[in-house]
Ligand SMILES: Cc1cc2nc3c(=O)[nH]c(=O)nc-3n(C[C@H](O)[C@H](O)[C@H](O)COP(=O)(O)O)c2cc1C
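Taking the form predicted alone, here's one chain by itself in structure tokens.
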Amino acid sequence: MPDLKNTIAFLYLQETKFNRSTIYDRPRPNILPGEPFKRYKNAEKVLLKRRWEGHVDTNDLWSILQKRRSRRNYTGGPISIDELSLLLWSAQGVTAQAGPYYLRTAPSAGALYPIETYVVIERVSGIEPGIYHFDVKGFQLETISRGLFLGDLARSALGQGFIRSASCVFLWSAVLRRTMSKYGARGLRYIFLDAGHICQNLLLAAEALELGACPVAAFFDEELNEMLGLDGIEETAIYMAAIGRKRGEGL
């Protein structure tokens, strides 16, 4: 087993650290920027609802924070399309526009939003099972593939069986150029931070809706990329979270 200082992760952190003497002199790689939004032009669309009054008590944030747990025990029952719409908006919904930037519920370094959201749906009322891409700007789902994929997803997530009983699973990928074209190698840090902000929003929204949610970072990267049709270079899977009707307590 390599010493900590010889690991790729340690070397990356050292190489991307800022210090006062070199921050302005360090060369920045010339990385072309990526497109700010991803859309599947010819995909079949599922329009999402933008109204959710009555679904949550917006004055109860402190209680929601107190109750949030990673929950892996689901009933196997469906969630509604209204609940899914609210979860998607909470994770990455557009809240304002500032010039060319579409500001969202979660922060992003430089307002560049390198994270794309996909949803593997198996038990959502009104939506056919399959893999969907979340079109942030259009607030709709774009159909990638129809079918039952949670079993395959559980196997790709190192055999974590609770994923099979989820209603749906959110998958997040990173379009590296969006952030690294501005921030260089250090931008990779910001990309992972962005994913964390988004996931926490989703977890709190799930708790407010009395749903179970559990983030997952253990998976076979290339299997997820293949499932989503990603090349693993320009865009690569980095995180996921299961959502379901909760049963029992989490950790």
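The numbering used is simple: start at 1 and walk along the sequence shown. Since this is a predicted model, take the numbers as computed values, not measurements.
Heads up, the form predicted in complex with the named molecule isn't pictured, but that's what we're talking about next.
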Segment assignment from 95-103, 145-153, 68-76, 165-173: heavy atom within 4.5 Å of the named molecule in the predicted bound form: 68-76
Against the named molecule in the predicted bound form, would Ala206 count as a contact residue? Criterion: heavy atoms within 4.5 Å. no
How about Gly34: is it within 4.5 Å of the named molecule in the predicted bound form, going by heavy atoms? no
So in the predicted bound form, is the named molecule close enough to Ala217 to count as touching (4.5 Å, heavy atoms)? yes
Should Gln160 be counted as a contact of the named molecule in the predicted bound form, where contact means heavy atoms within 4.5 Å? yes
Contacts from 176-205 to the named molecule in the predicted bound form (any heavy atom within 4.5 Å), listed N to C, are none
